[in-house]
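To begin, one chain is listed below as structure tokens, in the form predicted alone.
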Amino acid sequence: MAEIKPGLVVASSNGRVGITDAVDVLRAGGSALEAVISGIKLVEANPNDHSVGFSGLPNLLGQVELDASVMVGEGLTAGAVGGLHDYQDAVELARMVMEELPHSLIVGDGAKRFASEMGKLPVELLTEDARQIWQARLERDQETGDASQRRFAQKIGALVRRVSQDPEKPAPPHGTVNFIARDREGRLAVGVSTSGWAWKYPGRLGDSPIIGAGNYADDRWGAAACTGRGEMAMRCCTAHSVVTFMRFGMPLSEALTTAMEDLRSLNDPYASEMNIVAVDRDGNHSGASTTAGKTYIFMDESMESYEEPTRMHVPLVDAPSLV
């Protein structure tokens, strides 16, 4: 008889505010999906996190647009919303898409309409703190950013002046929250939520609501989720790749490394940071990043608090030859 492991939650480091609640769901006998939703909702409600949910940084028109998705490893069921305005609990709405509709992804006005039909109450997502951050960063990055940041700032700055009355918009930071849970029955679930790339072009979707790019879960092999420049993960199907490599027999660390190395083939003048967290079917976990020193967090039912290990560092460019 297979050993029953305690429930486990793995998250990106900004999941600190929600990981204990997620583990408590597992302790109470809840499912992996319920744990993921519980943890992410607290991050979405955190006004100090400007990359997710309430107080997220807006697009170039000053509108906060939320993207989120969930996937369950049993039966490969999934739901997602993109470009959601005026409603905070994007990850819960993604679950409702999965459970209530014959679709996997709805966006824009359709997502907003669905939130209203599901009884969600509208929320003003743009806080004054986020607005001030948003306005402060264009000029700074035009002066101090690297070449690709400056080009992007100049290009978006020109768009802003054409379509908006406010010529000052922020630099394009991007951030996301990932949660992966494995419950006592060995079932996997993964969730991702984000307000996307700050002052993105309106309607831009990154990898977070795209199943296979920003997240993927299959109880037979494992689960993975991404943060960073979503356009990179979309083009390489990064989350799905990690799980597929495990399906082909690679151990977790090798699957992560191989998926990260795939990103090196991209022709992308805006290439930037990419991060992955992953769990295999046995409950082993790890993380990887193109940036040295990045961390992730994990906690299981036996632990009083989370731990925060360092992710494997896989640079975006090949190491120089020593020969």
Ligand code: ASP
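A residue's number is simply how far along the shown sequence it sits, counting from 1. Because the structure is a prediction, the values reported are computed rather than measured.
The protein also exists as the form predicted together with the named molecule; that form is not presented, and the subsequent description refers to it.
Colleague: In the model of the complex, does residue 73 have a heavy atom within 4.5 Å of the named molecule?
Modeller: No, residue 73 is distant from the partner.
Colleague: Residue 208 versus the named molecule, in the model of the complex: is there a non-hydrogen atom within 4.5 Å?
Modeller: The answer is yes: residue 208 has a heavy atom within 4.5 Å of the named molecule.
Colleague: In the model of the complex, does residue 175 have a heavy atom within 4.5 Å of the named molecule?
Modeller: The answer is yes: residue 175 has a heavy atom within 4.5 Å of the named molecule.
Colleague: Although the partner isn't part of this model, could you tell me whether residue 197 comes within 4.5 Å of the named molecule in the model of the complex, counting any heavy atom of the residue?
Modeller: Although the named molecule is absent here, residue 197 would touch it in the model of the complex, with heavy atoms inside 4.5 Å.
Colleague: Looking at 240, 184, 229, 112 here, can you tell me which has any non-hydrogen atom within 4.5 angstroms of the named molecule in the model of the complex?
Modeller: Only one listed residue qualifies here, and that residue is 229.
Colleague: Counting only heavy atoms and a 4.5 Å cutoff, which of 79 to 87, 243 to 251, 197 to 205, 103 to 111 contacts the named molecule in the model of the complex?
Modeller: Looking at the other structure, the answer is 197 to 205.
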